[in-house]
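Shown next are two forms of a single protein chain, provided one at a time as C-alpha cells under the names structure 1 and structure 2.
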Structure 1
C-alpha cells in the first residue's frame, strides 16, 4: 500500500471514531430503546478508535516525510507526534465533555425519578447539534494537517466565487452564533465581487477556522468583510471579544500554542485551527495577520480581535521564459 492510501485509511479510522462519539446517543437508542446506558461506552469506544486513527495518521505521515526528505526539525519525531496528539485530545475532549455532561445529567435524573423531562432531552439534542460543526471542523483539520505535511502537494488553482464561500461559512455559523446570542454579519465590496483564482477548498477552510475562533471569543458581534484591490483580496474577520495580549500575539499562529498561558485561556481552544489557517494561507501564496486590542483600558466596544487574510487575486502560475 502506498503512503497516501495509508494516510487516507488512518484518517478514515479517526473520522469513524469521531462519528461514533457524535452518534453515540442515536446508536445507544437503537441498541436499547428507552435507556441511556449505552451512550457512554459507545462514546468511549469512539474516542479509542479516534486516538488509534490519529496516531496511525501521524506515524504514516512522519514515515513518508522521512523517506522523501531528510527532516531538519530539531524536535524528535515522537515529540512532534506527542504535540499533535495533545492538541487533538484537547480539541476533541471539549465538545465531547459538553455532550457527555448533558447526557449524564439526564441519566442521573432518569435513574432517580424514572423519567427525563422533555426540556432535558431537548437540551441534550441541541447540544449535540451545536457541537456538530466542531466535529466537522476537526475532521477537516486532521485532513488538512496531513495534507500540509505532504510538501510535494500544491494548491489546486481554479476559478473561485469568494463571496459564495464567505456566504457558505456564514450560513454554517449563523445558527451557532444565534444560539450564543451573537450577531454574525458579512458583506463584500464591491457587491458583485466576481471570481478570483485560487484554492477554493483552502479558502473555505481558513475562513471557517477564523469564524469558528471568533464565535468562541466574541462578546456580541462578529463581522466578516471581503474586499479586493488591484492584485489581492482580503477577508477580514472581526470579533468584539476581550482581545489578545500583545505578548501573545506573536505566538497566535504557532503550532501547539497553548492557550493556558494566554488571557483567552478558559475559552477552550488549542490554537491548532489558527496554526492550520496560517500555514494554509502561506501555501496559497498569501498571509494571515492578526491585530488585537485588549479590554483593559479600552472602553466597551473598543476591544477587538481582527484576523486579516490576504491572498492574490490571480494565483495561477505565471509562465516564465
Structure 2
C-alpha cells in the first residue's frame, strides 16, 4: 500500500473515532434505552480510535517525508510518535472532559432518583453541540498537516463565496462564544462581496483556526471583517484579549509554540492551529500577519490582537502561449 493510501486510511480511522465520541449518547440510548451507562465506554473507545488514527497518519507522514527528502531526522521514530500522542491527547482531553462531565452529572442523578430531568439532558446535548467544532477542527488539522507534507500538492482553485465561508465559521462558533460570555460579530464590505477564485476548503480552515484561537483569549468581543481591494481580499480576526508580547510576535506561527512555553506553564493548546493557518495561507499565494498590543499602566484596556489573512482575488494560474 502506498504512503498516500496509508495516510487516507489513517485519517479515516481517526474520523470514525471522532464520530463515536459525538454520537456516544445516541448510540448508548440505542443499546440500552433509558440508561446512560454506555455513553462513557463508547466515548472512550472513540477517543482511543481517534488518537490511534491520528498517530498513524502522522507516523506515515513523517516516514514518507524522510524517505522523499533523503535526510536523516535526529529524532527517533518512537519520539515522533510520542510527540504526536501528547499533542492529540492534550487537544482531545479538554472537550472530552466537558462532555463526559455533563454525562456523569446526569448519571449520578439517574442513580439517585431513577430518572433524568429534561433540563439535564438538554445540558448534555448542548455541551456536545458546543464541543463539536473543537473535534471537527482537530480532525481537520490532522488532514491538513498530512496534506502539507506533500510538497507537490497545489491548492484546488474554484469559484468561492468568501462571505458565505466567513458567515458559516461565525455560525459554528457563535454558541461557543455565547457560552464564554463573548460577543462575536462579522461583516463584509462591500455587502455584495461576490466570488473569488481560490481554495475554499483552505480558506475555511484558516479562518476557523483564527476564530478558534480568538475564542480562547478574547475578554469580551471578537470581530471578523471581510474586505477587498482591486487585486486581493482580506479577512481580519480581531479580539480584545490581553494581547501578545512584542518579543513573542515573531514566534506565533512556529510549529508547536504557545505563549505558555515562554512562561514554563501548562500549555492550553497544541500550538498547531496558527502554524497550519500560516502554512496554508502561503500555499494559497497569500500571507497571514499578526498585530497585537498589550495593555500598560498608562493606557489600561487598550489591548487587542488582530490576525490579517491576505489572499489574491483570482488565484488561477496565468495562461501562457
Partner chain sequence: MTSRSIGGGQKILVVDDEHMSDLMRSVLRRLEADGFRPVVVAPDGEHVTGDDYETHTLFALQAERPSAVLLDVRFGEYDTDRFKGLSILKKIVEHDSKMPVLMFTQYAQGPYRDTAVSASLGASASVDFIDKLASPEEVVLRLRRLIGSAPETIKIGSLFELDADNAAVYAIDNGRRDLIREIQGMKLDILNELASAMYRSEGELVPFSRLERFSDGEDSRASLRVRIRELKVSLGRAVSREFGANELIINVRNRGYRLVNPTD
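Think of the rigid core as the biggest set of C-alphas that the two forms share within 1.5 Å after superposition. Fair warning: this is a prediction, and the values are worked out from it, not measured in the lab. Positions refer to the first chain, counted from 1.
Where is the form predicted together with its partner chain shown, in structure 1 or in structure 2? Pick structure 1; the other is not the form predicted together with its partner chain.
Check 181, 187, 139, 290 against the rigid-body motion between structures 1 and 2 and give me the one at the hinge. Where C-alphas switch their better-fitting rigid part, the residue is 139.
Size of the rotation between structures 1 and 2 [smaller rigid part against larger, C-alpha superposition, degrees]: About the larger part, the smaller one turns by 15 degrees.
Taking the rigid core as the frame, how far in Å does the Cα of residue 128 move between structures 1 and 2? Displacement of the C-alpha, rigid core superposed: 3.9 Å.
Taking the rigid core as the frame of reference, how far in Å is the Cα of residue 103 displaced between structures 1 and 2? Its C-alpha position differs by 5.9 Å.
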